[in-house]
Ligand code: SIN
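Let's start with one chain on its own, the form predicted on its own, as structure tokens.
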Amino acid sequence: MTMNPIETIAVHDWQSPVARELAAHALDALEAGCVLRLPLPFALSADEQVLLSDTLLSGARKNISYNPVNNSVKGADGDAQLETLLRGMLGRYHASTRALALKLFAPYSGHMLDGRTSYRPAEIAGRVPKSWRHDDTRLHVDAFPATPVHGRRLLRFFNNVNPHGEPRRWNVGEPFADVAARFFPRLPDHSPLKARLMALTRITKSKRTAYDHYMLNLHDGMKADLDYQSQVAKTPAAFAPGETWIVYSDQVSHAVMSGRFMLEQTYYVPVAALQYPERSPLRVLEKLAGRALV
């Protein structure tokens, strides 16, 4: 079946069962590198409407984060009542996305690790990034400088809760295999010694594998290449308020052009849990490298 870069999945409720055929199609499309688009709103309570303000942010932060492991909130302005509301909203969003993931992606059951939940009330359009590496309006695949993932996938659930009718606008780039074929020959070699030193000096939270090294340099190489940014084919997407979208952000080349008031949940999925592991960035890069990368 031919798939679009953005594939609509007809799920309208967080709790209802999902038909087996629809779940199989969603999993196939997700692991093929599609963005899944669901007409699935996340409702805020009457008390939570006060959270629809960018004045909640502390200092120059762009996100408020929630850790489902210890129920903690970071990045808010310190108001105890608002933090209680944020903890409730973000905890409920985490629980909703996990329940949906286990219905849509049954093979991941027992394998998904919780990442952070985040709330992004600030507008991205017009924001001046710290550097070009932090400019998410440039096409990129996600990789973390300080947090190696050791081959695990980055599964992300997004929802637009904008109260003003404003969409979250993305551009989606070319397939990962094409990105990797284009940039991999240019990437610097991995140094195990450097990786060990960065871990020992706490520059990274654990030792950076060859996979993490290549993914991070792929992220940087894409953003640094302005000719690539201007010339590569892009598919625009506008995710309206009330829509959910799901993506492997380590695989899908994407740029965030505008929008505010968005919820996001990250999960880490091991390659061994995938239905189609050969499509994963790890396996694609290992084929190009001719060796194991983790």
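For clarity, every value in this text was computed on a predicted model and none was experimentally measured. Throughout, we count residues from 1 along the sequence that is shown.
There is another form of this protein, the form predicted in complex with the named molecule, and it is not shown here; the text below is about that form.
*Asks:* Which pick from H213, R156, R92, R116 sits with a heavy atom within 4.5 Å of the named molecule in the predicted bound form?
*Replies:* Exactly one listed residue reaches within 4.5 Å, namely R156.
*Asks:* Taking the named molecule in the predicted bound form as the reference, which of V269, M262, I64, V35 has a non-hydrogen atom within 4.5 Å?
*Replies:* Comparing distances to the named molecule in the predicted bound form, the residue within 4.5 Å is M262.
*Asks:* Tell me which of 67-75, 145-153, 165-173, 81-89 has residues with heavy atoms within 4.5 angstroms of the named molecule in the predicted bound form?
*Replies:* Heavy-atom contact with the partner occurs in 165-173.
*Asks:* Taking R120, D136 and V256 as a possible spot, do all three reach the named molecule in the predicted bound form with a heavy atom inside 4.5 Å?
*Replies:* Answer is yes for this spot.
*Asks:* Can you tell me whether H140 touches the named molecule? I mean in the predicted bound form, with a 4.5 angstroms heavy atom cut-off.
*Replies:* H140 belongs to the contact set for the named molecule.
*Asks:* Going through 226-248, which residues have a heavy atom within 4.5 Å of the named molecule in the predicted bound form? Please give them in sequence order.
*Replies:* Going through 226-248 in order - heavy atoms within 4.5 Å of the named molecule in the predicted bound form - there are no hits.
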